[in-house]
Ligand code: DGT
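This document opens with one chain alone, in structure tokens, the form predicted on its own.
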């Protein structure tokens, strides 16, 4: 009798902001020395123990961009695997914030139109859902 059980995957909850200004979204360039360096991403990060997804995203946007954001509705939830580690990625819309986004974490920030989004090198988790994400945002 085989008593070995399959190892459960390790899941990391992550939040991402769809920060909108008219028909544009804010992207940040991942800095050198970090995972996924050189790729464009939606600002956000990991949910810490005891935080709601909205609290985590508000904290991450303050840390990464120096803005106080109003986190709106959940637009999309996906999963993605990196070997034995998986991420649960929650995308929230952000239309209102205080302050001007600054490059506290990213090496560059850029406002990108929805039609130009696919021309930027995004992490695989974002790239694979891009058509669905664009249909939600239009």
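Numbering follows the first chain given and starts at 1. Since this is a predicted model, take the numbers as computed values, not measurements.
Omitted here: the form predicted together with 2'-deoxyguanosine-5'-triphosphate. The next part is about that form.
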Do residue 45 and 2'-deoxyguanosine-5'-triphosphate share at least one heavy atom pair within 4.5 Å in the model of the complex? yes
With a 4.5 Å heavy atom cut-off, would you call residue 93 a contact of 2'-deoxyguanosine-5'-triphosphate in the model of the complex? no
Does 2'-deoxyguanosine-5'-triphosphate come within 4.5 Å of any heavy atom of residue 41 in the model of the complex? yes
In the model of the complex, residue 75 touching 2'-deoxyguanosine-5'-triphosphate (heavy atom, 4.5 Å): no
Ok, 109, 67, 71, 89: which has a heavy atom sitting within 4.5 Å of 2'-deoxyguanosine-5'-triphosphate in the model of the complex? 89
With 2'-deoxyguanosine-5'-triphosphate taken in the model of the complex, which residues across 101-138 come within 4.5 angstroms through any non-hydrogen atom? 123, 125, 126
